[in-house]
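First come two forms of one protein chain, each written alone as C-alpha cells, so that there is a structure 1 and a structure 2.
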Structure 1
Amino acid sequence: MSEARQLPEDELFEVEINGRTCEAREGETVFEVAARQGVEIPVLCHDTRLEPAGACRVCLVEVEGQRRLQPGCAWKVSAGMKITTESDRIEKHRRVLYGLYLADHKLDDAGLPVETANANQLRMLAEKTPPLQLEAVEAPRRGRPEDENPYIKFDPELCILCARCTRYCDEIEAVNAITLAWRGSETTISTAGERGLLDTSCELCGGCIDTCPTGALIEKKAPQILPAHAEKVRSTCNFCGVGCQLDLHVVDGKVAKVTSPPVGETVNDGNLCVKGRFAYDFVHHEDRLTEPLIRREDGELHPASWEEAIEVAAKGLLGVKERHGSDAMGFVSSSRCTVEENYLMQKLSRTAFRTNNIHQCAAT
C-alpha cells in the first residue's frame, strides 16, 4: 500500500520528521507521513479507515512553532514542518496519560491492563512506556443490559471511550446502531433506548469488535481465546464473491474464531460481514457427513468404506454410460469448491465419460 500514486510535482513538499527530511503532500497527517517513513507513532483512538477523532491524546508529537503537543493522527502537515515524535517531553506526557487510563481500567496482578482476546493495545503501550502510578478511580462504569444477540459482548470496565466502535458503525458500516450515551463518568457505549442489538439497525458485522483497541467489545462465542493461544491460518471466505481474506484461529484442531487481516493488507481492508466473521459454526457442526453412504437393498443409505463407496459409484455411473451413452450423463460442479476441484470435475466428465455435460451450479 505504501507506494503512493504518482503525484503532480507541485503537490509534493518536504517536511522533517525526527531530523530526517521526507516528502509529503497536502492533506496528509503527521501519522501518515511518519508511517510511510517507518516511524511509529503510538495511537489508540485512531483507525486509518476512520476520520481522525483526536480523542485519546496518545499520539501527541512536537511540532516546531507550536507551544503545545499536537495529535499526530489528526495534525495536517505543511511545507517545511519540523516534527519530533520521541522526546523527554513526549515521554513524560505519555507516562501521565497512561497512568490516568490505568487508574480506571481492569489490571492484572502485575498492574498492567488485562490481556483480552482483542490484544489489549493499552497493555502493549503500558509495557513499552511504564505509566505513572496513580490512585485507582473507584467510579463504576455504566453498562448496557445484557442482550440476546449471539455475537457481541460489551464490558464497560475495559472501555476507554475512544469511540472507534461507534465511528466504525457510523462511517464504515453506515448503520449507526451504537452510539456514545450518557454523560460524565457515566458515558458509555450504548444503543438508542438501551435496546438489544437485535432490535437495532445492527447488521452483526462485528466491525466494532475488530476496531476496539482494548477488548471492551468482544466476541461472545470466543471471549477466552487470547491471541497467543491460537494458530492463525490465512484463507479466503467461502460465502459471496468479494473474496474477503480471513484469519482462521485454530485451537485444539477446531476453528474457534475468525478475524479480518490487518487494515490495508488485503482486499477487504480489515472488514468482514456477518457471514464471514461469524457464520463458521457449520464447520464443526454435528450434522456434518462423516462416512461414505451407499443405498442398499432396503432403500436406505448406509455407512460404507471409501473403497466400496468409490467402487459402487464408479460402477453405477459407468453402467449408465454403457447403457445409454455419454449424452445421458450430467455433471454438476460447485462454485463452493476450489478452482482445482472444479478443474478435476470437468476433467473427469470430459475424459472418463467423454461428455461436455458439465456445469457449475451458479451461472453468474
Structure 2
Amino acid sequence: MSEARQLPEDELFEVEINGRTCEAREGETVFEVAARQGVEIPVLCHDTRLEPAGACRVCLVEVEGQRRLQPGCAWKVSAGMKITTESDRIEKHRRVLYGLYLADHKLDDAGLPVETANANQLRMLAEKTPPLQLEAVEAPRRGRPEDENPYIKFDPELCILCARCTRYCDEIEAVNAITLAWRGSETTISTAGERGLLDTSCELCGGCIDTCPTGALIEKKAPQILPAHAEKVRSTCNFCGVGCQLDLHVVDGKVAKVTSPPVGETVNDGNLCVKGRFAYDFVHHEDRLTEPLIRREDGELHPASWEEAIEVAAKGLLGVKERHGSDAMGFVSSSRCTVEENYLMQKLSRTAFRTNNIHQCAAT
C-alpha cells in the first residue's frame, strides 16, 4: 500500500502523470508522487534528506498551463495538475543540458564523464540520453590541493556545483564547514578563507563524499575505483551503541572501503560519523587482538578459549567479593554500548554480585 493511501481520504487529491491518474497530498513534489508510482525522473542535485534546490535542472518536466519546464524535485503538486515527464521537448532539453555539463567536465576516451569512486551519476545519465556535442570550455575553478586532512579530497574538474555537499553540511551536520565560493565560472566548493578542513568546523564525517553525484569529493585512502570482484557486505558499526548500518567493500579478503547504505534503508538513513566511515584500518592491523589472552603463572599473556577467559574473569570477581565484600566492587558501563549491553551490566552488578555500585558515563 502506498504512503498516500494510508492517509485520510479528505487529505488526498488526484493528479495526472503521463496520462495516468495518481493520488497525492498537499505539500508533495512532482518527484515524490512520480517516484511512488514507479515513474523515474532523473536528478543530480536532489537528495531526499535535503530540501529541494532545483539547481541542476535535470529533473525538468512539463506541467500543463506552465509555459516553461518546471523542476520536478521542487514543484509542488496541486489537485488536477497534469504532468508529463517524457516528451520530445524534455528529451531535447536533457541533451543540451548534458552537453553543457560535459563541456566543462573531466571526460574519458569515449567522451563520457570519467568513472569515479562514487558512481558518477552524470555519466549514467549521459549514457542513457546522448548529450549534444559541444566545444569544451575551461572553467577556472579552484581546488584545495594543499588540504592536508587525511580523508577527503576535492577535484574541481568533476564538480557540477549542485551544492549537495554544502547543503548536507548545513542541513544534516549543521556545521557549515564548506560553502559555494567565488562567482561565475570561478564558482567552486571552498571553505572560509580557503582553509584546510582541519582548520574549519568540519567533523570529517564524509557525508559530502556520500552525497556527491559525480565523485568530485572522494575518500583519499580508499581505491579510486574498486575492482569488479569487490564484495559488498552489510554490517553494523562497532564504535558505539547506535547501531548504524554500513557496507564493507571487501577486496581479496580485506576491507578496502566503507560506505553507508542507501538513504531510507537503515536506522542511520545513509549517514555515518568519521569513525564509522573512515576508521576501518584496525580490522587488519597487525597488533589487533584476535583471541582472548590470560595471564598465566609465568606472568605472561597466553591465548585461551572464550570459555576459559570468561571463567577466569568470573573467578577473579568472585574472589574480590569473598575477600572484601560486595561493596568493595564497582561496575562501569558505557554509553557507547547498546541498551541491551548496559542492561546486562547492571543486572550483573545488582543480581550476581549484590551491589548497587553501578554507573554509566551518560549519567554524568
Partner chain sequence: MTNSIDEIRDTEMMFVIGSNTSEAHPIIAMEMKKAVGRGSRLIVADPRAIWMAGIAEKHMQLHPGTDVWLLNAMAHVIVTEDLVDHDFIAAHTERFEEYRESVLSYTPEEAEKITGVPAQDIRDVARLYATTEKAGIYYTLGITEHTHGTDNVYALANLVLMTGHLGKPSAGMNPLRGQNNVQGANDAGATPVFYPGYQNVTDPAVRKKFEQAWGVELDPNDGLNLNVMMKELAKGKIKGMYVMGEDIVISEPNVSQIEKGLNQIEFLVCQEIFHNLTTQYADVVFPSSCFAEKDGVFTNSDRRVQRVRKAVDPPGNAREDWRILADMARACGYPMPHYENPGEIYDEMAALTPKVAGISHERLDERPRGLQWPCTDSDHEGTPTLHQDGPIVGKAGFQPVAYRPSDEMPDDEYPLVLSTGRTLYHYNAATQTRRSAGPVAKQARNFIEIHRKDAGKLGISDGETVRVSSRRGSVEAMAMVSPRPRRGCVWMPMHFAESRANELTNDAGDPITQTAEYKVCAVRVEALTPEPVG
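Rigid core: the largest C-alpha set superposing within 1.5 Å between the two forms. Numbers follow structure 1, counted from its first residue as 1. Owing to the predicted nature of the structure, the values given are computational and were not obtained by experimental measurement.
The form predicted in complex with the partner chain is represented by structure 1; structure 2 is the other form. The two forms, fitted on the rigid core, differ between the two structures by less than 2 Å at the CA of E26. Once the rigid core is used as the reference frame, the Cα position of A139 differs between the two structures by 2 Å or more. Annotation: Cα of E291 displaced by at least 2 Å between the two structures, core superposition. Lined up on the core, R354 has its CA atom moved by 17.1 Å between the two structures. On core superposition, L226 has its C-alpha offset by 3.5 angstrom between the two structures.
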